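Same chain, two forms, each on its own as structure tokens: structure 1, then structure 2.
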Structure 1
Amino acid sequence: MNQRFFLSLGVALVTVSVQAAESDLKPALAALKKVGPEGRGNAEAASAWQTLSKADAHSIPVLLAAMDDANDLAVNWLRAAVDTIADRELKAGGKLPIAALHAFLGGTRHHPRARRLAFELIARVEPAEADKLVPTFADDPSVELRRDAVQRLLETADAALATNKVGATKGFRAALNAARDEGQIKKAAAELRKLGQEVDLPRHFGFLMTWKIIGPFDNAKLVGFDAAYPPEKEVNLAAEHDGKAGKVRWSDLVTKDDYGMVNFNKPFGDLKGVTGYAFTEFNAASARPAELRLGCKNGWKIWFNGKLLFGRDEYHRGSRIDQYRLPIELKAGKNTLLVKACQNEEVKDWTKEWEFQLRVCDATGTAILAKDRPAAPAKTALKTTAQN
């Protein structure tokens, strides 16, 4: 009875203390959240930061929660304040509000980075307790927390390989299902395939595999990036246009690449100084926020539902999965995607690639699949004039 009473009292006191901290810090938090582009609000933020960083340790959850609706610059200011408070408190022999940090970590609606920071603070003080939490993060919205959990799954499956192939298979499958990190996905997929298991990597990532392509248009002296060729004005899949070396028309391309690479060199030959377009539709189950994630080492532009999202005229400096992340709002039903890929005129071996990979996913990297996506990369569904 007494123990329960004091525990309740403790929780109540912490709550009161946090509420007081929240109230005291409100003006400083508001000032700090106003930081914006080109240094806007920095002077006020510096002053606010002095207030926040001098707050006591009970304020840490308040600062973490403030990250929820803060922009990424303000999140960094807040993070630095949290670190400063925690360092000072621990150096002075004080304590961090561990119960409140656990509660915060459990609230998956909070900013993923704030929750990760809460976890790291817990780990500083109670490493064994933090370690026990790791397996619970396999489906966590924080990519960093999830990565730790997947690593644990991979290590367990690895350990089972020699003696328990069924267990290892289950373990690698669980790891693959949970994994959003490219390296971890590749590791789990490779192990599953060695164990004779089917793995549909394009589906796991959400790569778009089925395209209509057209080209080549000109990109000599890099003119193609700014030139608005006919597909940018209207996508008419039945139309014929003037290309770089004669008439060009749309054709089908279905990539079978595990990582969704759409390679223009396959149908067109290893051309230089050219521009190509790829078009596809995405049939969304519902309206929702999403991300287009692109990997491309050529100049590129992307239009989503007819609107130019972004473009970049960098050539052959490297490419990787999720190189560029572009937030979009999917609408229910048909959405359209047009990708422009420009190849430059350099002739070195490492400048041959004329390709891109594109996927649709949520902010954690979880694939969002089209309603009508086939179970595996289509091999015969479309009349294929070009295959990667």
Structure 2
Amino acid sequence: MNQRFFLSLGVALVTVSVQAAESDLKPALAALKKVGPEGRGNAEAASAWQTLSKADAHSIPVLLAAMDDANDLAVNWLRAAVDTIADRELKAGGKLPIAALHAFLGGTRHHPRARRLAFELIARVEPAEADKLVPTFADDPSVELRRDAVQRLLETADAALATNKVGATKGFRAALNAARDEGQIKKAAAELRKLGQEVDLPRHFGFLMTWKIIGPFDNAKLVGFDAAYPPEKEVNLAAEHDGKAGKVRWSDLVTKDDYGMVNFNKPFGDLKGVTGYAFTEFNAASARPAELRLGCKNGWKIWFNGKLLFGRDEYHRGSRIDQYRLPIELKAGKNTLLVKACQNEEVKDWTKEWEFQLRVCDATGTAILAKDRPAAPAKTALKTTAQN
């Protein structure tokens, strides 16, 4: 009997067990999924959790599947219930539904955290089998699973450095191509550069590098966030507008930063109490769902194809890659992006940054590149002629 037979059998077992257990657990699952922020539904969720955590091991796939349409709070409750059931079963000398867990793990459309939990349960019972699975996760849609495969690639490449630099180079390149975790990407990129290899990190992440910018407009006393300056009404790249200290026009800004940071201070100076805008076009190869991922420690707003997506009127609370994730629907061809960045009037050294980074990717963090984005020139990751 081949692996496909066992996978099919596992799928059948999952289906049967889900159908049998869902009927008994459905009310508790429904109650738990209503849990929300600020304590909403906590009492009901706690009661539902008591019911779910007393279920038998054959109910584990049901609880895992329930994560698919659950919010993050409910997922945490469900994970705790699964852990409780598994711990109790194994301590009592019982068994987990391994075939069903393998089948669930193979269902790549399931919630990434649920699939990760299924893998961890398999590893508790079949560590050798779980170990064999790790390399297969290098291109898995679950970042939680992919991280293990990338870590193994990094460790193997590290071990090869002393005796096989060609092998190490291939290993670090494979790790970089597969990595979606920021730390792993930085590790692979650093090692490749030590080995004399070119690395285009902006391309790997999908950072947008070429912009038109305009400013400064006013943000004294924080008036700028709510003020609708001319670029919010119409983006006319040939227009001239009244700015904070005179006429302002659109100009080019191409960032050379590895992590796509667009720094308004470079063209405009270290200004305070000001607002700036950045505009770019993204030429999508096809219509598809995507995410905009922003890092910014200033007040900001983003418009996509002329529609306001979101904004945050906060300042200097830290910035990181993928700090904000905004789902969008790319249309085939030209898409427009307008970013508003407001700088407050604080004068401490750590408040000087007036900048943002923005990338386009899918839900796994895999870059989506504009169809006219050029390859990185030889020996230089970026040049001022690069496009998004």
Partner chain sequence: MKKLFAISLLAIAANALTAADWLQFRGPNGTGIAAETSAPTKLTEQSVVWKIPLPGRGLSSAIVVGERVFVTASSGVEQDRLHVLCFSAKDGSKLWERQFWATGRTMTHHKTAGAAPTPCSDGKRLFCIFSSNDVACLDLDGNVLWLRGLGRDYPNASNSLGMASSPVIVGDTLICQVENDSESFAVGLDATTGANRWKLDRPKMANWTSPLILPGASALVVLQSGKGLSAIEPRTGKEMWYYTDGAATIPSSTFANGVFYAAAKGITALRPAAGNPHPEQLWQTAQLSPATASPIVIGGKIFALNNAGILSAGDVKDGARLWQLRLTGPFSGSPVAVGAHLYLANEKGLVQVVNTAAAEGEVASTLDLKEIVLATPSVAHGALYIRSDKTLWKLGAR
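What you see is a predicted model, and the numbers here were worked out from it, not measured in a lab. Here, rigid core means the biggest group of C-alpha atoms that superpose within 1.5 Å across both forms. The first residue in the sequence of structure 1 is number 1, and each one after it adds one.
*Asks:* Between the two structures, is it 1 or 2 that corresponds to the form predicted together with its partner chain?
*Replies:* Here the form predicted together with its partner chain corresponds to structure 1.
*Asks:* So how many degrees does the small rigid bit swing against the big one between structure 1 and structure 2?
*Replies:* Treating the chain as two rigid parts, the smaller one turns 13 degrees between structure 1 and structure 2.
*Asks:* How many Å does the Cα of D68 travel between structure 1 and structure 2 when the structures are matched on their rigid core?
*Replies:* Core-aligned C-alpha shift comes out at 3.1 Å.
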